[in-house]
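The chain below stands alone and is given in structure tokens; this is the form predicted on its own.
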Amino acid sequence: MSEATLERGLKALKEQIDTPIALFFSSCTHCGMCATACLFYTETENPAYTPINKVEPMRRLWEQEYTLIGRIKKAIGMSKPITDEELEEWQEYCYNACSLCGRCTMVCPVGNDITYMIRKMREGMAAAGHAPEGLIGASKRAVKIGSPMGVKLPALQAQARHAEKDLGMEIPFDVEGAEYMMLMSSMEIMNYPEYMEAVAKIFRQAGKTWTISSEAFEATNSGIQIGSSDIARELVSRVVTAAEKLKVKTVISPECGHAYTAIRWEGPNLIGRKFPFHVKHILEVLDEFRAEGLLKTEGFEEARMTFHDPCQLVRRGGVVEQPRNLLNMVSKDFVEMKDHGIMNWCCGAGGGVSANEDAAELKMQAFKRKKSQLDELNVDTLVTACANCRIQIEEGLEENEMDIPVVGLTEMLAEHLVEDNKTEG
């Protein structure tokens, strides 16, 4: 690594030290409470995985550059300079051992947004060339191809044709003036093709018009995960351009947590203006249909069920009651996990961890927290609303020899729709 690259990384890291970051560092009491809220710490007991430690190089840079005591310590050699070797070591802490779940932020006694701090740390790390290879590859594919997993439009169109054959109805592409534009994540396209069919069935029953853009169908935003505002901005801009071109009223984020964070909460700030359309998660839309009497179901699941709250959707996104409203439509034996809602434990694979090969072993170790939650409940089925969570949970359950089916909430609702004679509108 050249000195110029290191300087570029340190410059990028220094640029991330805004007013909130400075206030957070100033007010941190070093109480350690964030450690008890982090599943990477609780399941390994490695003090290096304490959330606030994940931003230590940035904290020291802030102290050295912006505080009197820091300048003095640096001048007399009591505060060592940040080196390339140190940043390389910290890749493990701020990428492998952090899913950006936000649980640490919830317990901070002085209200520091530690997740925000780690996001800022990643900006400097990415600029310095210390992002994981898996995330670098995913980001390059997202920019070049439009999908972090390399999914191209023909693959989506092929899936749509299969859905059309199964349902006897059209999957609409590029329909100008539709009420809703549906985004898809690569994981849904490749791993859960039944999701598209479920959406089509629900919208047909609700009598709502919807479409998929052939120019911007991917919801996953690798820029948010790797820590590159430029990439995140580019990916959001593609969606905004497509939605404006089709003149839709609402853009729907699919069952993917970080996709929702990127387009709903980060999007307007990234492009520097308000959207001329609404952004809602699919569960928000479905709950609106329920409230309006447009979502009609019949029958109930016999299995004992629980719901895994995706961190970015529930804790960071505020979609808490909607999934429970929807679950109660089709389940009579629904039980909550001990820690649920905004304090639920992460699955261990968010924040780009799932795309990071170096974190494969660690994410399975972190999954033991979810295993312990499930062990307490003795449930037959686990329901969730994030494809990334679903893949991680399925892998974790298999690894721990736990026979619990994992289903998406949208798909489960579609299976209980009242059959009617409506034709495609």
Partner chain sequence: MTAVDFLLWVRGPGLTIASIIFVLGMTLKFFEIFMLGRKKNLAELRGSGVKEGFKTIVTRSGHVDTYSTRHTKFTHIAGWVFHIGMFIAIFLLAPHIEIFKTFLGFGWPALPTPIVDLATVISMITLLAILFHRITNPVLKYLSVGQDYVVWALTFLPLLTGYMAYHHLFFRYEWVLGVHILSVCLLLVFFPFTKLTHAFTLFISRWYNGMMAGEKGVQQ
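Positions refer to the first chain, counted from 1. Model, not experiment: these values are computed from the prediction.
What comes next is about the form predicted in complex with its partner chain, which is not displayed.
A heavy atom within 4.5 Å of its partner chain in the model of the complex is found for one listed residue only; from 132, 317, 223, 323, this is 317.
Only one of 381, 42, 365, 400 lies close to its partner chain in the model of the complex, with a heavy atom inside 4.5 Å, and it is 42. Not displayed here, its partner chain is approached by residue 284 to within 4.5 Å at the level of heavy atoms in the model of the complex.
Although the partner is absent from this view, residue 343 contacts its partner chain in the model of the complex, with a non-hydrogen atom inside 4.5 angstroms. Shown alone here, residue 374 lies farther than 4.5 Å from its partner chain in the model of the complex, counting heavy atoms only. In the model of the complex, its partner chain sits beyond 4.5 Å of every heavy atom of residue 415.
Look at 293-301, 328-336, 163-171, 263-271: in the model of the complex, residues with non-hydrogen atoms within 4.5 angstroms of its partner chain sit in 263-271. Of the residues in 8-41, those that come within 4.5 Å of its partner chain in the model of the complex through at least one heavy atom are, in sequence order, 17, 18, 19, 20, 22, 23, 24, 26, 27, 28, 29, 30, 31, 32, 33, 35, 36, 37, 41.
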